[in-house]
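First, one chain by itself: the form predicted on its own, in structure tokens.
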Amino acid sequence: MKVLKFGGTSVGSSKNINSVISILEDYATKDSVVCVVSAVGGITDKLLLAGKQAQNKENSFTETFNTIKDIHLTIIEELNPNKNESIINYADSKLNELKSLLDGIFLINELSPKTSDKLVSFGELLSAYIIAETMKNRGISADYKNSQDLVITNSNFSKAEVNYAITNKNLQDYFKSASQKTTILPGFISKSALGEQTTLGRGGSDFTAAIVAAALKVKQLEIWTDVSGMFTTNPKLVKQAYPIDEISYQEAMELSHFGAKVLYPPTVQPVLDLNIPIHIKNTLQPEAVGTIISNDEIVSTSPVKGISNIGNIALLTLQGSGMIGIPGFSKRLFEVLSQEKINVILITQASSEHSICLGIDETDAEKAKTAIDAAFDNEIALHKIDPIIVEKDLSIIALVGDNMKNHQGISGKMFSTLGKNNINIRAIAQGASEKNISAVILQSDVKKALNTLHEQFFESKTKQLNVFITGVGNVGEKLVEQIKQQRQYLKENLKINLRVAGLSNSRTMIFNEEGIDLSTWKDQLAKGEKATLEGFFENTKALNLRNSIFVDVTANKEVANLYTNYLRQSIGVVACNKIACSSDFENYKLLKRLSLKYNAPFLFETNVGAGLPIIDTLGNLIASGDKITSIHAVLSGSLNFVFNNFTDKTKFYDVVKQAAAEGYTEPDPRIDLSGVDVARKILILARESGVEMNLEDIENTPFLSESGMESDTVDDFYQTLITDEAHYQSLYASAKAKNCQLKYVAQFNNGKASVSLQEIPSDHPFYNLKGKDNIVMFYTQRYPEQPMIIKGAGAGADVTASGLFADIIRIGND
């Protein structure tokens, strides 16, 4: 014999009921079947609502009743379009009884637990009868049996206790003589020994199924629902969650306690006692394997079996120096909560005995505070303890697994993973059995926490990075295209799942927590919302995605000023914008401190040399104990391009215009030609070498004409290049006469830095530097005579984008 239970969603519509009937018909070809059904999905809540409305003298109870009636009559018509008279007669009879009961509640203005049990029983009585009669109408051997004739309880209304001696005998006697292949039983409902209608409380239909399975000693109980078993975590919040094939009773109970709604543990006690396995199946996907719950030894590669959570938690904290060493505080505290019928979900106490923290349902928070403060009124008045502290908008997340106790470091991995994503932990609880590690966090962090932990414990070490890019001009566009091109490679080879979750230019911005489709990003951005720097930050913060990275592809000071905001939210920052790292030294150090404090990477390799690994190499030298003695460098790809192309046969204006058109200069070329850009770069290298220095400390010898230096606008500046051509030709002529090349050189030596245009002789390493190339020579204690040299393209959209991309990948590999 098979015992199957179908929940409210499984019987929530005629379509779903047809699926149930198909499953039952298939099973009945092989064995006799007992099918326990819940009320049609949502009906129990509507019955309670109608009762409450009637009790409160609200005429709207009639509308709620009519909704209940319409739902059932529609289902009957859809299931039995041509042969439904007997079912409609039964339904009308039951619905008339229901209406009379509601009218009575309305008249006497009272809804007792006894009446409430009678009220909610109509849901299961109707659904079970409809299904049984529909099957008979289709020629299937099936019959309806009222569970109230079989399951006998005491008179503890709303959560009656079963008399197993009588109930088991009733079930065994009935099914010995039952001739039908399929028996449909309403779940949840029962009768007292005095003949009063009772119910079995929360999870009552599961309970009915477990009682039947235990009484008949079947080999397995099947619980059919709307999901394919118990999942590694909530699939509505974590798309990568997947069903667990096998799980122990203890693990299932822990997961169910902490929010997994598939199973309500107390209801399956009858089958647990007899070690009858429970199989969770999906009504809408009957071919899915589902989850088997048993006491059999289960071999698992992962010590963590699942991650669950309970929302809408309030944390109560009782604390005070007067608690230390004084027995009885805990006893009094729990007695107060017990008297108020408040369930305690989580408990944690500091070893100092200075405080006790309790997690309860948020709806009970104010009642609990009032009762506890009253109970400890004397101690509060004497300042021995503080008034109870209540924190709301919290959630409990829990790692569950029988084998966690045999694996070191699970707790450490859990908390470090949460910490890296700026998820603050308010309280921690871990039982001595080590089957469960629980933490209280903000409700707003639940999705990020579950995704982060699931990635850590269940996914094939694939790390998801969520990138938010501001500035999708020339370089930004190249970066997006590189990400699009390499996404699959990163996923397959580096186990990095890189998603662009936000994009912005100076006009519009777009966001998508699932990742923006990079094949149409330009069209999407054109239709995006109005862009603001603060709005971009607030949207990034609100999405609260794990491993978030803000990428600044601008030269904007206001954007750089927001880095502190991102870092304080544990959002990494990758920047080609040099303004932040060349700003006041205290701001530079603040950014470094925030990066460490909030575990948020702050990478800016492209600040110097575009895609060349200059800052990374410098950092490795310093970290390995080497010391920089001097740096000699050509750090401006734009200036190198200009002076490599400027001759006595060209115009300086034309060469600068060409450099700007090819993207080698900033939009305002004065930043490059004035030497400010190079000064910022040598400043950053000096700071990364460990020297405290500001931009004004760098000696900058300009080569521009006086009128070029004093120009007010970009257009004015370009005009000076034309009028002052002789000045620039004289610079070229001087170098040529000495067989030298003009190079704009940055130097750092003995704690001092300078930038200037220099005439480089033919035997110097800088002489043959071509095109837009950069070169850096590090002289160190380990490289005192022959420097470490880094050379290559130091400007251009592609190489700058690749440098930003490399920093993003570096974060993914950490």
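Under this definition, the rigid core comprises the largest set of C-alpha atoms superposing within 1.5 Å between the forms. So that there is no doubt, residue numbering starts at 1 and follows the sequence shown. Everything numeric here is computed off the predicted structure, so don't read it as measured data.
Heads up, the form predicted together with a small molecule isn't pictured, but that's what we're talking about next.
Although the partner is absent here, V755 is not a contact residue: none of its heavy atoms lies within 4.5 angstroms of the small molecule in the predicted complex.
In the predicted complex, at least one heavy atom of G204 sits within 4.5 Å of the small molecule. Contact check for A39: a non-hydrogen atom falls within 4.5 Å of the small molecule in the predicted complex. The small molecule in the predicted complex comes within 4.5 Å of a heavy atom belonging to T44. With the partner left out here, the small molecule still marks one of 196 to 204, 652 to 660, 373 to 381, 580 to 588 in the predicted complex; by a 4.5 Å heavy atom cut-off that stretch is 196 to 204.
Core-superposed comparison between the shown form and the other one: the Cα of N774 travels less than 2 Å.
Relative to the superposed core, H764 shifts its CA atom by less than 2 Å between the shown form and the other one.
When the rigid core is held fixed, the Cα atom of N607 travels less than 2 angstroms between the shown form and the other one.
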